[in-house]
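Only one chain is shown below, in structure tokens, and it's the form predicted on its own.
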Amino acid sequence: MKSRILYIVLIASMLLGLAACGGGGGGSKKTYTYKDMVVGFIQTGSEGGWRAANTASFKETAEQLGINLKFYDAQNKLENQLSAFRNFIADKEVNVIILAALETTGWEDVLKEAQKAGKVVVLEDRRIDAPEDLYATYIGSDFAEEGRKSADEMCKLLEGSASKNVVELVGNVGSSAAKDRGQGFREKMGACGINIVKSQTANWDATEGKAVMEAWLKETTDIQGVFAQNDEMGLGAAQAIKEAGLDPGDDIKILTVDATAGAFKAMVAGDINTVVECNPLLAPQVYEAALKVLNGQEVPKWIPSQEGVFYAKDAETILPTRKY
């Protein structure tokens, strides 16, 4: 009888051991692959070549990796972004939400809702003002550094100029890109005596950039430089300068931020002098970080993109290699 009891105990112990080792037990943790990712991506809208390239990067990379991408274009309206965010929280299929925020504020409530629902949130391109523990990571540029680079380059362009009056075409005033680029530029512009005589939003748009520049030129032509916070506004400014009978790139130096193919073409034509890069091809970095978080891995709170500065003298050689 004793030996029979010992035999039963031994068999029971062996079965428990197998369960503890995960041999088909329900307690084993899932390992996610890209094919398990269902991504809700909330894009700002369409602001020209840079944003189109950014969108294409996410769509093309998702297809390559087998990711189920649910894409939403907010048409540059914050209320649309917030509504889409809540829709993705409610969508049981979605396990990752990617946000390119139109504005820096107004996100804390939906981020808390996403966290409660167990969604991984990754910020791309645009920073927000919210506690870092409410999102996994931010992947994108150092916009303030772009502003500092722009000031350094404008100093080079205006070296030897008696006057250094610069006008600034600003993007969406509520966005982190506009705020930080403007702040960074002001941090370094004093090194060579740059004076910002006019600063106004043109909402990242070429047509608005042209209209704003036209209005300024009617007031004064004592302008030596244009700091356009994106290529589109700079292209609009160049057109306005031409129509005023002046030579963009010569009479008035133009520096833009983004480095799209359109800006390179303008550099080849001599209309733009210098371009500071803001890389839109962020999807591979974003998807990789999201997958790591889904699998319980730690990622940095900021993963920067790699960017350079380009000059008119090199534009013709580089232009054929631009992907956006």
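Residue numbers here begin at 1 and follow the sequence given. Quick caveat: nothing in here was measured; it's all calculated off a predicted structure.
Separately, the form predicted in complex with beta-D-galactofuranose exists; it is not shown, and the next lines address it.
Shown alone here, Phe143 lies within 4.5 Å of beta-D-galactofuranose in the predicted bound form, counting heavy atoms only.
At a distance threshold of 4.5 angstroms between non-hydrogen atoms, Arg126 is in contact with beta-D-galactofuranose in the predicted bound form. When beta-D-galactofuranose is considered in the predicted bound form, Trp50 lines it closely, a heavy atom lying within 4.5 Å. Heavy atoms of Ala177 reach within 4.5 Å of beta-D-galactofuranose in the predicted bound form, making it an interface residue. Note on the interface: of 129-137, 222-230, 187-195, 154-162, the segment with non-hydrogen atoms within 4.5 angstroms of beta-D-galactofuranose in the predicted bound form is 222-230. Distance criterion of 4.5 Å from any heavy atom to beta-D-galactofuranose in the predicted bound form singles out Cys278 from the list Ala290, Cys278, Leu255, Met267. Of all the residues from 287-304, none has a non-hydrogen atom no more than 4.5 Å from beta-D-galactofuranose in the predicted bound form.
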